[in-house]
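Just one chain is shown here, as structure tokens, and it is the form predicted alone.
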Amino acid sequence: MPYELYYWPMIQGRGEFVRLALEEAGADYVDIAREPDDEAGMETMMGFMGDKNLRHPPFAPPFLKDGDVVVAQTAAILLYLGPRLNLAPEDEAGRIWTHQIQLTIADIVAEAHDTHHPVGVGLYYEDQKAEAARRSEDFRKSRIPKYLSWFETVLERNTSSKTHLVGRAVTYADLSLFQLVDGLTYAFPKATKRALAKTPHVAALHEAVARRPRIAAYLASDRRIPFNQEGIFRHYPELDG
């Protein structure tokens, strides 16, 4: 049976990290809410979330269904998929290290989201522009460089390969770092360009992942949803600098 991915059909969001892993592995999967009858797909997803018979209901998309197994939260989904898609080390220490990197990526993704919604997710960006400008300034000057420098250190200290975060083969963490850099480049092009100039290994990993055959084909396809003003990474020129 194919994997079933449940996520919003109009944004990359947190679901994109899972899509990249499935695409890199050439896995058989169905993006439920993006099926030809997308309205029915959305109904399926919302109905699944509201199923009162589920013992372990997901809080929110993304979540993955693999037969009777349902896993929510991006990092947990990738922890589950990693060994099954050959995108994680075989040893336990390596798998946990990969998971730790993924959780760190999740941290900066949350911070990136909060640059345009620093007060409340239920408010429009226009309702919190002053707060967003202040939050974004700190994110640009402090947080982006700090996170990318840490990833640069991880790459430098990987004695097996300077082009992978863990070991000598691609893992889901590499794919997720690619997506993070892609998103930051879209949202904060000026600030990210400056940070990448000081983190050449991170920049090289981003370029290398984009050239991987299956990823390149995916990025060029209509399966890749373009960045937009509804997702986590949003480009407001006034927040970049």
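Please read all numbers here as calculations on a predicted model, not as lab measurements. Counting begins at 1, following the sequence as shown.
The same protein also has a form predicted together with a further copy of the same chain, omitted here; what follows describes it.
Report yes if all three of V181, A187 and L239 come within 4.5 Å of a further copy of the same chain in the predicted bound form by some heavy atom, otherwise no. No, none of the three is in contact.
Would you mind picking out the stretch of 210-218, 53-61, 39-47, 195-203 that comes within 4.5 angstroms of a further copy of the same chain in the predicted bound form, counting non-hydrogen atoms? Every other range fails; the passing one is 53-61.
Applying a 4.5 Å heavy atom distance criterion, does T153 contact a further copy of the same chain in the predicted bound form? Within the cut-off, so yes.
Any of the heavy atoms of A169 lying within 4.5 Å of a further copy of the same chain in the predicted bound form? Output for A169 is no: heavy atoms all beyond 4.5 Å of a further copy of the same chain.
Is there a non-hydrogen atom of E90 within 4.5 angstroms of a non-hydrogen atom of a further copy of the same chain in the predicted bound form? No, E90 stays farther than 4.5 Å from a further copy of the same chain in the predicted bound form.
Should R140 be classed as touching a further copy of the same chain in the predicted bound form when contacts are defined as heavy atoms within 4.5 Å? Because no heavy atom of R140 falls inside 4.5 Å of a further copy of the same chain in the predicted bound form, the answer is no.
Note that a further copy of the same chain is not shown here; using its position in the predicted bound form, name the residues of 124-149 with a heavy atom within 4.5 Å of it, in sequence order. The stretch 124-149, when checked against a further copy of the same chain in the predicted bound form, contributes D127, Q128, E131, R134, R135, D138, R143, K146, Y147 at the 4.5 Å heavy-atom cut-off.
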